[in-house]
Every structure is written in structure tokens, then in C-alpha cells.
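A lone chain, given as C-alpha cells: the form predicted on its own.
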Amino acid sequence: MRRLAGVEDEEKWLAEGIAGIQHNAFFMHRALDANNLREVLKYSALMLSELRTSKLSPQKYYDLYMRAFDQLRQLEVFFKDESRHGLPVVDLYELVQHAGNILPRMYLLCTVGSVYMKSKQAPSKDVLKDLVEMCRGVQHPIRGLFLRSYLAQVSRDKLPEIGSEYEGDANTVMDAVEFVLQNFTEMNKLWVRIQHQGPGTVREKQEKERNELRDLVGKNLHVLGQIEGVDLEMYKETVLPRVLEQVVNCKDELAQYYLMECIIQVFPDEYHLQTLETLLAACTQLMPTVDTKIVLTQLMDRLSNYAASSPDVLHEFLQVEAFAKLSNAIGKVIETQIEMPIIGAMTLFVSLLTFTLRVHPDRLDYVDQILGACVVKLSSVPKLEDARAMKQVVALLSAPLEKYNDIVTALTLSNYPRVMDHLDDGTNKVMAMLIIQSIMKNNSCISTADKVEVLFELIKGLIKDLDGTDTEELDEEDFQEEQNSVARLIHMLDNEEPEEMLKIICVVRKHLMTGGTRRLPFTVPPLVFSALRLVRQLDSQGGDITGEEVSATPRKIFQILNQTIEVLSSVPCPELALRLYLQCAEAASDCDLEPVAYEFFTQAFILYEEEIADSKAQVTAIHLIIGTLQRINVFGVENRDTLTHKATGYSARLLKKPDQCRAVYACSHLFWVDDIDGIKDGERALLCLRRALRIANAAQEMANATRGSSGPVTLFVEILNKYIYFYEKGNPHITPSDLQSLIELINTEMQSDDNGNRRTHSDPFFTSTLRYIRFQKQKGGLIGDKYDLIKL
């Protein structure tokens, strides 16, 4: 009837029960004031009869119970004072057993029993045994649970534990343990029985009610964990076997899960460690529907924290072979619970790995063993699609990185990449990014080709498309961040031995070349610069480094670079390829490899001619070519003439006249290099400047034809500054008259435009240049003499 009742009915029944308690409590208090024992017992029994109801849910029954409990506290005070009721406590103990109904009788008996034990007129163990046995008379689950909870509460401070006033010859700690265990056993039976009452249609409500009552049962285990005198031996021989026997035999999912959780939480860590085998054996005997993974996870977390609390306890873990026992138990649980979802197995592996990294950080074989078991489990499912399970796998793979702060250690784990193979593409990339971030954070250097091979297998999700996925679907910002991370990683690969470093470069190149057209522009440049660093290292070592006995030679490395950049130029990404060719040419020049440097320049010019069509890109490219060629001094006369002729020719063919002018006067530096061994062909440098001046004049005429004015004189001022530079450097073909005529030309251009209108503004650049010339004239000496002939 109660199970089908509504909330309003329950509220009404609760109100009626509370009213009944209050009514009888009133008469009970009046009898207490009058010290009338008979009336006290009469009205207290009537009051407690309200607890016989079967209509209330556990929550409502608890409210009613607490009302009665408050009254029982005052009743206990009365029973303690023999002068008020006039009966010895032994007679009182006998008298209350004559109450008409079992439930009021037992509450009164427990209350008097508490006073009886307090008086020490009888061994407390006998009273406890008597009470716990007689409570069996109440077999209604809810009423019985609250009754036994009351018994446990009033007897808690009277247990004969070590240090207690109730301990003596007749009372031992074992008696206290026996009482709590017996009460726990009976309460658990009552709790489990709830599920078998009523029709199956109210099963959900029953589960809810049982959850509300579970703490009443769990308090017994809490008391067991607090009893002074329960040492490891007693716990191992008596307490744990009795509790686990009840847990396993009850065959109830909720009870088994909750009680195992209680055992793990209330007893000391060192007890768990010493009884690990027994505890784990019980875990494997639980019902298949029990969530064993949470139980084992909590156990391993507690043991992990215990191990981390002090280094002194680690030897205990070795003595009991904790890892082997936990590993075997987890294997059995996963094997027997066929229906366990993959997330459950992964959670167990993560907890076991966390435990291992804390207790046995030096045992990499244990870590690899866990990863291997994970691979076996993952291989049994067609495809890992559970996002939560995927998250646990990432946690599993991240744990060694966080513990060792060194990817090199993780690279020695043979099963690490096999676990990563089971991740989907998105998660694989996330894990790859975590690996790279770990390397950057800890500044780890990967120094062997074998480890680089393993590393790039781990991060292959960032290096190439997996399972035919299209990079076009990726967010551009995310894609760039991923590739920039790979680029940074390449700079962390290093080895002082040239042969090994060359192997590393070849391994990296092999992987990067599979990356596709979108990735190469990000990943090839750091590879090229890493190889160039090796070239300069070899060059700095000196000696005969090009012999056949040395595998890592600059010439061999340049061959690899040429092939690599050639792939990049076909992406197409010609501007980047051209820059890299020029970098290689400069490095080849430093190694005195003229044919190699010439070949790189040739490739750069071919790219310029065939691939670079944008006018702005052409301007940038030609200035890069000119700047690089100017710094290189390895070429003979013939090769240098060929290259400089090409550079000046391309400069003069740029689309815009100002761009032509600037590129041509930049070419003047190709014929006058201000180094000790640099070329100094003053005549050809002057020819470049004069050619630039003609182009500047043409630009002014074009501006006048299109806009009606000659435009600014910036180009003339720039050319003037080039004249001054070469004049100061001692070019004999540039004379003061050249400077004078150019200054006058600029002044004329600034004074008026072609329509005869006078300009009112001056060019700041020109003004600054004239100020520099005046400053040089005022210096005196050789510099001053040079500028004396120039009239401003």
C-alpha cells in the first residue's frame, strides 16, 4: 500500500505519526516529572508504537524516528537515576521486556541496556550479545534497520575496546568486534531484503529507498575502522574475512558495490596493502553487474597516495608484490566481465599505470606491460568510437610523459605507438601535440635516428593525412599551429656526431615528404636549416671532410637539400623555394664549393624566370638574389659575370620603373664589395648607377605624362646616396663633379614642375642628405677635403 501511495498521503501519515509521538511524549514527560515508572513505561511504549508504521518511505520514517530518538535520550537520563524510579537496573532490564509489542520493547531494552552497561553490573559483552540477538525479533527491513542503528548508536561508547573503561578480564576487543560484525551482518540482510518486497513494477523506487538507507549499514564498518585495538593481525584473520564473506554471499549488486567502497574508505592503507590478495580475490567474485572498475580504481588511488606519502613505505609494496597482484586481478575482471564497456577497461589501465608510476617509477617494463594489455583490449573492438574511452587512452599515454618529463623515456616503450594506432585521427593529433609540447616544455633533445623514427611514427597524424582524410577540412588556424609545432620539433633533433645527425635528417626527410602540398611549406624550411647547421659544423671542423671514409660530407648534404627543395618548388611554393636555394648557395660558398653554389643560384634563377609572375614577388626575389650574390665570394670571374649579368638584366626588366631603378642601383654592389678580398670594379658599379639614373628620369617623364607633374624626387635622392657611398669607399670613377651635377639636378627638379609652377615643399630625405654632406665637410682632414669640391 505504501509503495503505491502518493506524496500527499505520506505527508499525512507522517503528520499523524508525529502527532502520536508528541501526544504520548506529553504524558510520558508528566510521568517522568512524577517519577512514576509504570506510567513512564506505558506512555513510552505507546509513543514508540508509532514507529511500527509501514506506510512511510525511509526518508519520512527517518523524520519520525528522530522525533522518537529525542524522547529516548530523556528517557535514558531517567533510567540512569535509580533514586527516581526505585528499581535496580537489572530488574529494570527485566521489566521492559514485558512490553506488549516487539518494536517498543526492543527500543526500551536497548535504552535500558545502555544504562545497564554503564553501571558495569554485568559484563558489557553479555549485554551486547543479548541485545544484538533479541533485535532479530524485528524482521521488517526499514524498522529493523533503524532499530539496529539505534542499538549501534547507544552502544558505541560502551564497547570494550583498548583504553575504554569497559575493557577488562571478561571484556575484550574481540567482543566489541564480534558485536559490530554481528550487527552489520543482520543489518545487511535486512537491507538486501528490501528489493524482494513488493511487485517488480516498483523496483526503481526500491533502489532509491535502499540508497537512502545504505549509510545505516555502512556506519558499522566505520565503527569497525575506529575500534582501538583492531590491529593488522585481527583485521586480516577476523574482520576482513567476515565482512567480505557477507559482501560476496549477499549476491546483491548495490550492496556489493557500496560495501566494497566502504571497506576501501574506512580501513587504513597499510591494512589494504597487507591484505591486498584477499581484497582482490573478493573483487573477482562480485556480481557481473557490479561496477568493479570503480572499486579497483578507488583501491589503487588510495594505495598510490599511500606510496606517495612517504618513501619509507615503498619497500612494503615490493614485499607484497602489489603490482603483480593488481595486474592479475584487473586482467581477471576484464576477462570475466565480458559486457564491461571499453571505457571501464581503459579506466582500470589508467589507474594501474598511475599506481605503477608512483610506486615503481623505475620499472619501465611494468609500464610497457600495462600498455601491452591495453593494446590487447583495444584490438578486441572493431573501432574505438567512445569519446570517453578515447579520453582515457589519451590520459594513459600522457601519464608517462608527465611522470618522466622526457619523451626519450617514452620512446623506449615498445607498446606506446601501438596504443596510439587505435586512436582516431582527431585524437591522434591531440596526442601528437601533447608529445611535442612535452618535448618543448622540457627542452628534450632527440639524438638518435632510431628514436627519431619512433617519434615521427607517434606524431604521424600531424605529418601526413591518415586514412584518406582531407586536410582541406581542417581549420586553417589549427592546421598552421600543428605544422608550426612540427617545425619547432625539428630544431630539437640534434647530435654532435655528423654521421648520426645526417641519419636523423634523412629519417625526418623521409617522413616529411609524405606530408602533402599544404604541409611542406611549413616543415621543409626547418629541415633545410637543420641540414645547413650540420654543413657549417662540418666546415668548422676543417680537415679532409670530403673523403669516402666519411659518410657525412657537405657535398652529400647539399645533394639531399637540392632534392628536398626541388620537391618544395613543385608544390608550388616558388618564393619559399627560391629563398632556400639562396641560403644553400651561401652555405656552399662558405664551404668553398663553387659548382654547388652555382647550381643553387641556377635553380633560383630558373624559379624566378618560370614560376614567379607576381610583380611584388619579383621585386622581393631579385633583391634577395642580389643581396645573396653580393655576400658570396667563392665564384670565379666567369661564373660571377654570368650571375651578375643575369641579376642586372632581370632588374632592368621589372614591371614598374621605380622598382627597376632600385634593383639596378642595388646591382652596383655586385661590382664593388667592401671586403678585403671583395671585387672592386668601380667602372661597372658606376655604369649601374648611371643606368639607374636614366630609369629614374624615365620614371619622372612617365609621371609627368600621366599625372601632369613629375612627382617626388625620392629616386634621385636614393641614387645620390649610392653615389656618396661609393665616393666615400674610394671608387675612383665617381668624382665630386658627379655628385655636384646630381645635386643640381635634384634642386632643379624640386624648384619647379614641367608647367613652370614653383614647388613650395622640400624633400626631407634630400634635406637630410645635404645635412650629411655639410657635416662631412666640417670634419676636416681627408674626409673634409673630399667634400670641399662640392658646392651646396
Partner chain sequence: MNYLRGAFKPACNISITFTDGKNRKQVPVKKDNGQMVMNPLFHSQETIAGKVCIEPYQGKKVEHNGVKVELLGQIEMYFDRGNFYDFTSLVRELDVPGEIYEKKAYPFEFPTVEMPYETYNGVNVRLRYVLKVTVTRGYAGSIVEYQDFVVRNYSPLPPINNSIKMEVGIEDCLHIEFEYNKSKYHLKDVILGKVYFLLVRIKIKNMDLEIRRRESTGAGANTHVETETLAKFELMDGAPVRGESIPVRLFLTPYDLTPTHKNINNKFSVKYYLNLVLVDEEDRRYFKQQEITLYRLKDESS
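Residue numbers count along the first chain shown, from 1. What you see is a predicted model, and the numbers here were worked out from it, not measured in a lab.
The protein also exists as the form predicted together with the partner chain; that form is not presented, and the subsequent description refers to it.
Asks: Hey, of 610-618, 128-136, 149-157, 491-499, which bit sits against the partner chain in the predicted bound form at 4.5 Å between non-hydrogen atoms?
Replies: Correct option: 128-136.
Asks: Identify which of G163, G100, G86, P595 has a heavy atom within 4.5 Å of the partner chain in the predicted bound form; exactly one of them does.
Replies: Checked against the cut-off, the match is G100.
Asks: The partner chain isn't shown here, but in the predicted bound form which of R143, R214, K646, R519 has a heavy atom within 4.5 Å of it?
Replies: Looking at R143, R214, K646, R519 one by one, just R143 meets the 4.5 Å heavy-atom criterion.
Asks: Since only the chain is shown here, I'm wondering whether R193 would be in contact with the partner chain in the predicted bound form (any heavy atom pair within 4.5 Å).
Replies: Contact with the partner chain, yes.
Asks: Using a 4.5 Å heavy atom cut-off, state whether K189 contacts the partner chain in the predicted bound form.
Replies: Yes, K189 sits close enough to the partner chain in the predicted bound form that at least one of its heavy atoms falls within 4.5 Å.
Asks: Spell out, yes or no, whether the shortest heavy atom distance between H733 and the partner chain in the predicted bound form is within 4.5 Å.
Replies: No, no contact at 4.5 Å.
Asks: My question is simply whether D641 lines the interface with the partner chain in the predicted bound form - judged by any non-hydrogen atom within 4.5 Å.
Replies: No - in the predicted bound form, heavy atoms of D641 and the partner chain never come within 4.5 Å of each other.
Asks: At a 4.5 angstroms cut-off on non-hydrogen atoms, which residues of 488-513 are near the partner chain in the predicted bound form? List them in order.
Replies: Counting only heavy atoms within 4.5 Å of the partner chain in the predicted bound form, no residue of 488-513 makes contact.
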